[in-house]
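Below sits a lone chain in structure tokens, taken as the form predicted on its own.
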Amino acid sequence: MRFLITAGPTREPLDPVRYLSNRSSGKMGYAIAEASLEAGHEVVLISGPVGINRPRGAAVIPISTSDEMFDAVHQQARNCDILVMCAAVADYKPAKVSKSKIKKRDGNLSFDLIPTRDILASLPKNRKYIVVGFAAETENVETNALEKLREKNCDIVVANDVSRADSGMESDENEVTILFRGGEIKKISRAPKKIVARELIKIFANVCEKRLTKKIA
């Protein structure tokens, strides 16, 4: 199968020096890419700025901003069987980017922020590939993930509680809840992200195979 995976953060520039970003390390997305390769699948990895070695065998497309991520996903999605949207894409970006460095001064400084383009919501409803969304939540994890599953027309949403220090963002471990369009819910207990990724790949591939079998029948 052909996996298209997004990983890491995006950076939304304020000026030539500063940017808005988030705590995503890219570890989960890269672990999923490596697990996909181990299982014999083809992998295209769209990656934000991270400090991780590229998975051997993956075609890596480096991006920085949410707009670059948006364009890369739409260019590559038509050729995949499973799209895994693991990247932590910024929800907002500055309305204007200063061409020169913003100097420090006395008093407060404020910026107007505008929403970034929603990649999941922009995907076609009638598509041949499976879409997996990720939901990083700090409260009401399952409720918020279910809302994302429905509103963004995902086939699967993988949710995790990022308020915990021992799993999720920047950690080497994760604990996830997997929600399916048909209403099923599965959980993977806290474990190294590489182990979690292997379990997720089996689940994603199984959903894809069932869809293909259903179409043939």
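Bear in mind that the values here come from a model prediction, so they are computed numbers and not experimental data. The first residue of the shown sequence is 1; numbering continues from there.
There is also a form predicted together with cytidine-5'-triphosphate (CTP); it is not shown, and the following applies to it.
Using a 4.5 Å cut-off to cytidine-5'-triphosphate (CTP) in the predicted complex, each of 90, 119 and 133 places a heavy atom inside that distance. Proximity to cytidine-5'-triphosphate (CTP) in the predicted complex, defined as a heavy atom within 4.5 Å, holds among 148, 41, 181, 164 only for 148. Taking the partner from the other structure, cytidine-5'-triphosphate (CTP) in the predicted complex has a heavy atom within 4.5 Å of a heavy atom of residue 152. cytidine-5'-triphosphate (CTP) is not shown here, and in the predicted complex it never comes within 4.5 Å of any heavy atom of residue 80.
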